[in-house]
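Below you will find one chain, with nothing else, as structure tokens; this is the form predicted on its own, and questions on how it binds or moves follow later.
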Amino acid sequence: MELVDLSSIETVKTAIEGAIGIITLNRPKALNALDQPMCLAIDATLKAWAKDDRVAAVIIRGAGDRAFCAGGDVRAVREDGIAWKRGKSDGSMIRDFFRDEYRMNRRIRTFPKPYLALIDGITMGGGVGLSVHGTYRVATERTLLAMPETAIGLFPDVGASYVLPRLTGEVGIYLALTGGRLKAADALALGIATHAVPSGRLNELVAELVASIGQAEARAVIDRVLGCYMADAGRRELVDQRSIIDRCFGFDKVEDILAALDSDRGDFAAVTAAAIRTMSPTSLKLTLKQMRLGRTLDFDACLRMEYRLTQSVLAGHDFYEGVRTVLVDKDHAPKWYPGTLDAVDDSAVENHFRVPLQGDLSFPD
């Protein structure tokens, strides 16, 4: 991949301060949502900094006071997909956005130097992919983390099929199907976050890391400094529901999960079942199969599986309806097709996992 001219990418700011490379997502009005140029810029920056002896570690953060990154720019993907279906576009964004985002996710996972994400504020979808694969994930009291894709007719991607099934018990399956939101304490308890630091001290933390890190001892310095800034993450909420989650989410059919929740009769189970029933039935079935497969696959294979799913899902109906109802019209009254779980054909689910006609995801470097 050619190095992107970062001087023309206003939505991604990069700088080297001391021995630290700092990446700032700079779309605060859009909650720092990722578009394709941002993915390319971040990927190119990390590729260059991996070989740059001036850079001992990387910090990534979001501009503004609301979000680290609220996810991918799915509205833009939807618009291009609609144009493609009407014969007014070649559909390149559908292919290129997810390909480039997933390559960036892999770059983060394989980055040879410490990579520290400040997940301060909303961190969803693509924002999880920007953080969870790195060395350090620093949450704050403002962190709100989720993979809410089943609500928009998609599925948890950006490597979620590798990460979520490997969380303790069945919590990852719960998060994948429901889009459940985590605050700092639960993110820390599950290992999605590695540290908790007060939001108001993040600039101070960055300044101390810049002043302290040399070339040889970067990890040791980061460990020490983060230890000094650690704060009480607050009260855990989700982890305390582990027994219910493990009991109800261990099945291989969404219908069986719902039946188990219905038989529990507790408030948490009732709220959870109600939430699942609002999601795209197709997305629910794809997601559960994806998670079960992901538990057995390596990281690269998970990304390839997710890429295949994006291409089939975006050729369908529910993604466009989901984005419409949640982000465009905001009426929260989706008309899914098929509209019920029992109407989703098993063979149609299987077909989503096939290699796309235009080719599979590859990792050239």
Ligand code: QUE
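Each residue number is its position in the shown sequence, starting from 1. These figures come from a predicted structure and were not determined experimentally.
Keep in mind the form predicted together with this ligand is missing from the figure; the text below concerns it.
The stretch in contact with this ligand in the predicted complex, judged by heavy atoms within 4.5 Å, is 319-327, chosen from 39-47, 53-61, 319-327, 295-303. Of the heavy atoms in Leu31, some are within 4.5 Å of this ligand in the predicted complex. For Gly129, no non-hydrogen atom is located within 4.5 Å of this ligand in the predicted complex, even though that partner is not displayed. Proximity of Gly180 to this ligand in the predicted complex: non-hydrogen atoms within 4.5 Å are absent; the residue sits far from the partner. Interface membership of Gly172, defined by any non-hydrogen atom within 4.5 Å of this ligand in the predicted complex, is ruled out.
The putative spot formed by Gly71, Arg75 and Ile152 is fully lined by this ligand in the predicted complex; each residue has a non-hydrogen atom within 4.5 angstroms of it. Proximity to this ligand in the predicted complex, taken as a non-hydrogen atom within 4.5 angstroms, holds for one residue of Gly159, Pro281, Pro148, Gly81, which is Pro148.
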